[in-house]
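Read the single chain below, which is given as structure tokens and is the form predicted on its own.
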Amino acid sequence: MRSFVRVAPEVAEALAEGRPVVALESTVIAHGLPYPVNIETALAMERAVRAGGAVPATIGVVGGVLVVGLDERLITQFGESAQGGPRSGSAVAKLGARDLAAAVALGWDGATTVGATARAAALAGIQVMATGGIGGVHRGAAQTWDISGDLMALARYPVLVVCAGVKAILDISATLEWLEMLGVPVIGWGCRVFPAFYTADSGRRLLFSVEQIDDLARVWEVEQAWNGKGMLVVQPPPEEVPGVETAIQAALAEAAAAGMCGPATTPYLLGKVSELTGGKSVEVNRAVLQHNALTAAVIASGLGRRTR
């Protein structure tokens, strides 16, 4: 396995010593945010993790090697491949959990989604990861069957994922139904309503909500003792995007007219929503990512204290 996976020395040392580590996805760098905001945000997330007392481990596939702990040079390289970057159009694939082995075997470069990051984190022994919003059931999935592999990954890999809910361009209610069907616990961190990524209230109340790290840690410990897998910990965004649903509806209409489908849909919709909100959605997305990275570090540190 060593020839396929490279764990950065700082990350490996922290794991060996039982210190907290937070996994971070790389799709947001190569496919989610525009250049150069993507690179700035990725580095800011790593700083937020450190501020919370943990070691960051941004994950990606580089030349057929799964790297757990991309350094600044590689983060920059991934970021420059995004639209508008100096390496725009270079082959940094968007990799789900199912794609990792093939990408490694064939020597690809690839950015990891939430699902792929969770798989890699579990492989490396990392318990906690942070993202903005997970993938889920797309609006209109009854016709398209467009459902993110993130959901199945959460049901398969024992990683606690901190997020602001699911991406607001998705069908939130249907995604929650799938999470229930797959047996993935959803816990509110200081909130009693499931957040909608760009706004705090999706209209769906949460059954469980905690405000103390010890309570969350006990839930996680029991879930893992019973051979549970992933868990979703949600918190509201630190700020909101006014009128975002109107922008989302307009973006969805344009995507349908353009015949968008598959992995390209989400980046297209996010770009359109940014355009229609005058960049406010990108601003809030950045704030959400940093906020969740800090919270994930605090949670990882709390879990670590209970196991020492």
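Numbers follow the displayed sequence, beginning with 1. Given the structure is predicted, the values throughout are model-derived calculations rather than measurements.
Below, we refer to the form predicted together with a small molecule, which is not included among the displayed structures.
Choose one stretch from 201 to 209, 106 to 114, 172 to 180, 221 to 229: the one whose residues place a heavy atom within 4.5 angstroms of the small molecule in the model of the complex. That would be 106 to 114.
Contact residue in the model of the complex, from 81, 127, 235, 148 (heavy atom within 4.5 Å of the small molecule): Of the candidates 81, 127, 235, 148, 148 is the one lying within 4.5 Å of the small molecule in the model of the complex.
Tell me, which of 188, 135, 185, 85 has a heavy atom within 4.5 angstroms of the small molecule in the model of the complex? Result of the distance check: 135.
Against the small molecule in the model of the complex, would residue 167 count as a contact residue? Criterion: heavy atoms within 4.5 Å. Yes, residue 167 is a contact residue.
4.5 Å heavy atom contact, residue 32 and the small molecule in the model of the complex: Yes.
Residue 266 near the small molecule in the model of the complex, any heavy atom under 4.5 Å? Yes, residue 266 sits close enough to the small molecule in the model of the complex that at least one of its heavy atoms falls within 4.5 Å.
Would residue 27 show up as a contact with the small molecule in the model of the complex if we use heavy atoms at 4.5 Å? Yes, residue 27 is a contact residue.
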